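Laid out below as structure tokens are two forms of one and the same protein chain, each shown alone and named structure 1 and structure 2.
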Structure 1
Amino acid sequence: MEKKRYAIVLDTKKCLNCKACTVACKFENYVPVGDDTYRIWVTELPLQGKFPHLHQDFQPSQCQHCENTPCEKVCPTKATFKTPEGVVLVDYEKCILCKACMTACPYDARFVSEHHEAVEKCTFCMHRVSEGREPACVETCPVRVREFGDLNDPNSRVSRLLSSRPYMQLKPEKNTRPRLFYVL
């Protein structure tokens, strides 16, 4: 059986900027509430159109769980590593807070965690996935902006979405080959 390759597909047209995903992530992963540190976030894009026909789009984002990981390559202690499923994680015990990974990440997806005394980032909630559950951000979203699944399973929701709709990835010029896909 082929190993799993986890990914998230996002349909940003559905995003209401309700912040359910960011709140769920903070609570699930013990990220302090009330400060400016986030594992995931939603960017408000500029208003479009002319009054009174204005609309605004939102772009949820997080660690891109790159296949070509610049953060992993610069880590002097190998604290940053990839699981067999391609999920990029941090071994907090090995992290020396040099912040090289923060500098190398083109997505600004890492922060210093006082809780772990290490650099932290999205983990795709692997502790939940190992129990057969979805990441907290996926499970909590009331309009299902995010879909999580295995790219190697042609019947998974992520595979079906990517085969049926055009999509883009952030910063393709960086050649990181992200595991986050934005359907158009």
Structure 2
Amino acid sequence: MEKKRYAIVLDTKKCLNCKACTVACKFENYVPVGDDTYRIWVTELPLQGKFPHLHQDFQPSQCQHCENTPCEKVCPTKATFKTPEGVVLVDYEKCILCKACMTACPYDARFVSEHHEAVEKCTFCMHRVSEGREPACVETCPVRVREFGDLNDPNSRVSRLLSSRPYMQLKPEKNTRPRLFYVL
């Protein structure tokens, strides 16, 4: 069987800015309460237009699980690594808290966790995925902004979405080749 390539595809136009995903992730992954400790966030993009012709989008985001992985490259202890499925993870035991990866990450996806005593970030909830469950943020979202799945499976929801709709990625100029896709 061909190996899997995990990805998340987001349809942010549906996002309610309700923050269910951010709270779910905190509980699921023991992420401490705090302004600087989060694996996932929802940005209110700037208001466009003039009253009364207004427009506004909300953009949830998290670690982009870059295929071309800047954080992995700078890690001196190989604590940051990629699984065969392309999920970028941190081996907490190996992390020496040098924070090089935090500087290297163009998406500001990493933070220092008291719980793990290491730098951490979104894991695609691999502990859930390995049990056949969905990532917590995917599961809890009222409008299902995100789909999680295997890009190598042409019938997966992620593949179908990407083949049927145009999409963009964040900061393409950084050439990171993210595994997060934003359909338009």
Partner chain sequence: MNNKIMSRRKFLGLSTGAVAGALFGPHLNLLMAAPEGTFDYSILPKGKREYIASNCDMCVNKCGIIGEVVNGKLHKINPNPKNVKSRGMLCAKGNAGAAIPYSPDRLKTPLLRTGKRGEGKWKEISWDEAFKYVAKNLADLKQKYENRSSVAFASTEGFQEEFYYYLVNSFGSLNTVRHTTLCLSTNIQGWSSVFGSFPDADLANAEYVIMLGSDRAQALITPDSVDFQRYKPKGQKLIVLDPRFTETGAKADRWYPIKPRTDQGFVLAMLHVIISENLYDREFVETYTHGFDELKEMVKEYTPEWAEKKCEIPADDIRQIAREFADHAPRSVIYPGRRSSFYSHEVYVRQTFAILAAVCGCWDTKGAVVPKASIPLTTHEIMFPFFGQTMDRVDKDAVNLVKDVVPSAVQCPMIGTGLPNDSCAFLSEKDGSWVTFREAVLKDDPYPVRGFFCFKQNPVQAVPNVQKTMKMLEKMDFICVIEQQMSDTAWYADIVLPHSTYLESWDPAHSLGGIWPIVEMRQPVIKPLFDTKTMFEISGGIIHEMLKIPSLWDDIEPSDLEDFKKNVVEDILDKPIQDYIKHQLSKYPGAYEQLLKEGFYTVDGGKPVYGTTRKPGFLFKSKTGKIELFNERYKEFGLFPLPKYCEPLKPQDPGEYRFLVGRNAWNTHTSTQNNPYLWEIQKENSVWLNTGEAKKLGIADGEYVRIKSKIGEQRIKAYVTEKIRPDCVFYVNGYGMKSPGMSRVYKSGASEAEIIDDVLDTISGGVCMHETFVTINKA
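What we label the rigid core is the largest C-alpha set whose atoms superpose within 1.5 Å from one form to the other. Each residue is numbered by where it sits in the sequence of structure 1, with counting from 1. Note that this is a predicted model, so its numbers are computed, not measured.
A.B. asks: When you get a sec, tell me if the form predicted in complex with the partner chain is 1 or 2.
C.D. replies: The chain shown second - structure 2 - is the form that fits the description.
A.B. asks: After the core is matched up, is the C-alpha of Val143 off by 2 Å or more between the two structures?
C.D. replies: No, the C-alpha moves less than 2 Å.
A.B. asks: Aligned on the rigid core, do the two forms place the Cα of Gly132 2 Å or more apart, comparing between the two structures?
C.D. replies: Comparing forms between the two structures, the Gly132 CA shifts below 2 Å.
A.B. asks: Can you give me the Cα shift for Gly49 between the two structures? Core-superposed, in angstrom, one decimal please.
C.D. replies: That residue's C-alpha sits 3.3 Å away in the other form.
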